[in-house]
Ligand SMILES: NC(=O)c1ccc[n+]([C@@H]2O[C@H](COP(=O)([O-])OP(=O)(O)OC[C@H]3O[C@@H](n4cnc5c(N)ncnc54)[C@H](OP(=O)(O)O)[C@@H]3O)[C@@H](O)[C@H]2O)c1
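Read the single chain below, which is given as structure tokens and is the form predicted alone.
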């Protein structure tokens, strides 16, 4: 099966390495890569990928690389989900199955994109959009028949965890952001992390898929961690507390309520128990009570594996 990549950052490179390591069992190959800054590459028969000038359009790239599956892994735009949404629609228009690790399209246009894929009898997968490849959407879809999701809560943003740990050491938010950037975990625009937009996008994506919410990040009641200082955090710690940027959703009589807040929690709280790149998500259900997923110190390799697991799933269902 041939795969085309739109975007080729750290996740794309880790995905290419993973495909190469698994080639004996899963004969997938990358037939094209389209990037914003480094041009476009196509793979001629029996030759390596070669980058040249950028294709004039996404449509041209998709048509020329002749892949069955398009993987969209460009940077997040939490305000509109573009150009990733347009990339996905261009792939659907040419009859391609789509996988994305970009939470923007799921946060802004999930219902419409799912309907387009279904109408064209195409598969649309997105496991890596929220917890770096840890099973969330696939877990619910494949192992919880008949279950209704009534809410969730999670500590889902790695950069803010790193920043808060730096604040506990007496450092500034800017110091924490620089460390997160050195670790390669911050968004391209780190203000999306600090101001809560990344978490709001993840909250909207989870609500759209798990609760059929049809919302966007702008519908999330959002407040980031920008108001925290080393002094405020030190006072919390002295009382056995810690700040955590928490995503929450709950079903109410008025509809689904979504919130992102820097909450002051007991240091023993489950949501406060994960640090660095680790994440935790608790899902409330009608039939199974509350269940959870924890991802311990994931990196780009885990995000790449989420793409890989989606690709294997598509291959099995062709």
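Residue numbers count along the first chain shown, from 1. Everything numeric in this text was worked out from a predicted model, so none of it was measured.
What comes next is about the form predicted together with the named molecule, which is not displayed.
Across the options 203-211, 233-241, 138-146, 74-82, residues that bring heavy atoms within 4.5 Å of the named molecule in the model of the complex belong to 74-82. Only one of 161, 97, 108, 87 comes within 4.5 Å of the named molecule in the model of the complex through a heavy atom, and that residue is 87.
Among the residues 268, 37, 57, 252, the one placing a heavy atom within 4.5 Å of the named molecule in the model of the complex is 37. Mapping the unseen interface onto this chain, residue 10 counts among the residues with a heavy atom inside 4.5 Å of the named molecule in the model of the complex. When the named molecule is considered in the model of the complex, residue 16 lies well away from it, no heavy atom lying within 4.5 Å. Taking the partner from the other structure, the named molecule in the model of the complex has a heavy atom within 4.5 Å of a heavy atom of residue 101. When contacts are judged by a 4.5 Å heavy atom cut-off, residue 166 does not count as touching the named molecule in the model of the complex. If you take 131-161 and check each residue for a heavy atom within 4.5 Å of the named molecule in the model of the complex, you get just 132.
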